[in-house]
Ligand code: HAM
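One chain comes next, on its own, written as structure tokens: the form predicted alone.
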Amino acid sequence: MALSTQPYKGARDFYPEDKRKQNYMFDVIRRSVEAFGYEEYDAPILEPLELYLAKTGEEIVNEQTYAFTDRGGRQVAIRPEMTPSVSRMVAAKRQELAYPVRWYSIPNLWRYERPQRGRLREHWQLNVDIFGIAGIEAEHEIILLVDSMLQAFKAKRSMYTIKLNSRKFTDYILKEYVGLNEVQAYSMSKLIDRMHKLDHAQFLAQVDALCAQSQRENGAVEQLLDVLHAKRFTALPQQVQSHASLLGLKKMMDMLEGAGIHNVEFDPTLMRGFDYYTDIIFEVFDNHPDNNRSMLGGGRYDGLVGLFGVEPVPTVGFGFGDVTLANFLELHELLPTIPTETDAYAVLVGDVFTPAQKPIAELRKAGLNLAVDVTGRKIGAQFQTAEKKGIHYVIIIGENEISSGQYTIKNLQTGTEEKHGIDRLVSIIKDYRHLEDDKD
């Protein structure tokens, strides 16, 4: 039986044209985050399973983690996220680092979940974290960075909405205002995290089931719904509007407004799936009707570093997957046509392989990415190969060209041919390359 040509379910093959698209996205990302002073790091793709059991969340660990026992009998997992790893790294050098620490990474991650639009089992994810700032200036910087990055992809703010909430506010609502106990509050937060995937009757039935009869009789369900349905701070019940966590959210929104970011909304249903968040959380939603979903998210998680037995470090961060980014760029027509990295295709005419090595070496030394056809096929077939590869220029190298030092260069898009020396060939091709770079 023949082997399948398909990749593992939920993973992708990256042909050169796909890899060019990914590299373009990562290049824009790197320029954007490094403009804010962030430095790149990385960590092993395998981590001890206990790293995720501590704070990641039961669903991620029990249902979505690729976990196994290695040959040494250790329980390990292929990383489903990067936050525990970076927290471990900071804890390892807690006393040596210069704070605030600004780090980012674009790791390969794996989760065993049902592949669907925007979600695959394997993906790459930008992770950006700032360690050492306890005030909301850290959240402000992180959200500014997110907005700046989307602007670098030439997105308009009408294309996306930044939604904010606070875990402290949610805890206050569930435990004090509604009166749920610790176990009920945890289960309710998980339910609210899924509420937009359920129809309203289904959601209400599950809310009702989580509340005790006495709580239902005291109006707990109605109290909770009043909060969840509020679209603005002023629409919240009067008695919760003065809570300190809510005042922090209001201040954050005012700071963002002052920075010119007007597409920010308060969303009390925003939970984020991970258990480690401690205060302000946020998600950025695509406003396109064909992809009206969360693209990225993050928030404050002040406790993770402390799990490693060192003094806790206040931390804010976010993650942005390459699949959702690509969907956003494609739907909004923000992804440019990305040419091949090869600048020119050298066609050898006649028995010139050995003498052709000198001009070929000169062209490469001058900075050109040059592919050389050594198949000995007819010139027409070699030209077709260059066109199929998307290469703009062909350089013909034959006996006459080598003896005269004047080489024929053909523009495959216009069909024009010219003869020039090495320096002029390089100049023509580099000028074209710069024009293409400017389009991006």
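Computed from a prediction, not measured in an experiment: that's the story for all the values here. Note that residue numbering begins at 1 and tracks the sequence as displayed.
One more form of this protein, predicted together with this ligand, exists but is not displayed; see below.
Asks: Just one of G248, P100, G321, G303 has a heavy atom within 4.5 angstroms of this ligand in the predicted complex, so which one?
Replies: Only one listed residue qualifies here, and that residue is G321.
Asks: Please identify the residue among G118, P107, G179, P314 with any heavy atom within 4.5 Å of this ligand in the predicted complex.
Replies: The residue in contact is G118.
Asks: Picking from 357 to 365, 343 to 351, 249 to 257, 110 to 118, which part of the chain touches this ligand in the predicted complex when contact means heavy atoms within 4.5 Å?
Replies: Answer to the contact question: 110 to 118.
Asks: When the contact criterion is heavy atoms within 4.5 Å, does D279 count as touching this ligand in the predicted complex?
Replies: Contact check for D279: no, nothing within 4.5 Å of this ligand in the predicted complex.
Asks: So in the predicted complex, is this ligand close enough to L296 to count as touching (4.5 Å, heavy atoms)?
Replies: Contact check for L296: yes, within 4.5 Å of this ligand in the predicted complex.
Asks: Is there a non-hydrogen atom of E139 within 4.5 angstroms of a non-hydrogen atom of this ligand in the predicted complex?
Replies: Close contact is absent here: in the predicted complex, E139 is far from this ligand, nothing within 4.5 Å, heavy atoms only.
Asks: Please determine whether D129 contacts this ligand in the predicted complex, using a 4.5 Å cut-off between heavy atoms.
Replies: Heavy-atom contact with this ligand at 4.5 Å: present for D129.
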